[in-house]
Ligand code: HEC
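Single chain ahead, written as structure tokens, the form predicted on its own.
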């Protein structure tokens, strides 16, 4: 019984102690001038889908939930956000070449159709980010149309 009490105290001390380790959450940037919604023809329904299912990890407009301030979950949020922005950042869309944009549009359609994005770990916690079949069709139709538009624009 005494060893269980010591074990619990040690765990509590560790949990309190790790709160002192910073998570280095990526900073948001309010400059939206390069955002995909400013530089590409994005319909209102697509904007809604992107904001609810993509922007927390793939833009500089992340809405950090309460658990992003509590270690160790804050470390995972920071890592996923950093990696998501490195892979694709909708807030820097205008910096991309036409070729890169076409590539990303194709990848978005593929990953969303295969239900690889948004990630399962994200939709478990953020239920509203899970995409319906209709939302998947809306998003993939839009990405394909935008890709074709870029390819036909010489």
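This structure is a prediction, so every number in the text was calculated from the model and none was measured. Residue numbers count along the first chain shown, from 1.
What comes next is about the form predicted in complex with this ligand, which is not displayed.
Residue heavy atoms within 4.5 Å of this ligand in the predicted bound form occur in exactly one stretch of 62 to 70, 27 to 35, 103 to 111, 40 to 48, and that stretch is 103 to 111. This ligand is not drawn, but in the predicted bound form it has a heavy atom within 4.5 Å of residue 119. In the predicted bound form, this ligand lies within 4.5 Å of some heavy atom of residue 87.
Contacts to this ligand in the predicted bound form (heavy atom within 4.5 Å) from stretch 27 to 50: none.
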